[in-house]
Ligand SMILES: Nc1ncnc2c1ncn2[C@@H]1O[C@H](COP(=O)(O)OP(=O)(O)O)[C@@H](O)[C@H]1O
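This document opens with one chain alone, in structure tokens, the form predicted alone.
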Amino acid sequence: MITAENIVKSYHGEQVLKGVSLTVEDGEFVSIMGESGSGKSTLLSILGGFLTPDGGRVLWDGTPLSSLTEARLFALRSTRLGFVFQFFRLVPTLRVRDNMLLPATLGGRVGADTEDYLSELVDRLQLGHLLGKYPTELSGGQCQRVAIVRALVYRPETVILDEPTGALDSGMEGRVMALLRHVNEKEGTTVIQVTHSQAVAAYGRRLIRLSDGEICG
């Protein structure tokens, strides 16, 4: 379970999040929507421990992220959490296959099962012909699919995605969302996504709306 309590965050004197509180239960599929600048991406980064709030706290299973050392935060991100950033953050010096396996490698979780699951994900998202390429050789949509595989390949308990289909055509969007629904329903993975798309948001079981840094529904 992930709990955010009264989260406040400002940039350059402007308050982006204004006391946001929410709870995501294990196994939920939550969609977060809001206009640009409403604080969605900032909230995701705080939930994942990549950004520290100015006020309030985030708890994972009752443990405040602020109490974790950098080593324990790293362990959380490389074993329990898969995160898809809006701009992907692939490592440009690594080939696609190595990018996909990077968190699993860092977390010491690459084995036969991981390799088999990697093959399954690659097939689902039609990436087999790109495994030997570098990120600079890919389109935006291809980079996005690689980032999604990277987040899922070690079967984390929770996956957090910032605009997971923003660079995809409608056909591939459907494939990605079917995959996320599958890992949620069949494997019990908690899914939290930010999206501008009503169709994509509808895959979630609960919708949270942000407006001007506050939850409005």
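Note that the structure is predicted; figures quoted are calculated from it, not measured. Numbers follow the displayed sequence, beginning with 1.
As for the form predicted in complex with the ligand, it is not shown, yet the points below apply to it.
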query: In the predicted bound form, segment of 35 to 43, 144 to 152, 180 to 188, 167 to 175 with a heavy atom within 4.5 Å of the ligand; finding: 35 to 43
query: Partner-contacting position among Thr105, Gln86, Thr79, Thr114 - heavy atom within 4.5 Å of the ligand in the predicted bound form; finding: Gln86
query: Val16, Val200, Ile208, Val24 - the one with a heavy atom within 4.5 Å of the ligand in the predicted bound form; finding: Val16
query: Within 4.5 Å of the ligand in the predicted bound form: residues from 1 to 22 (heavy atom criterion); finding: Tyr11, His12, Val16
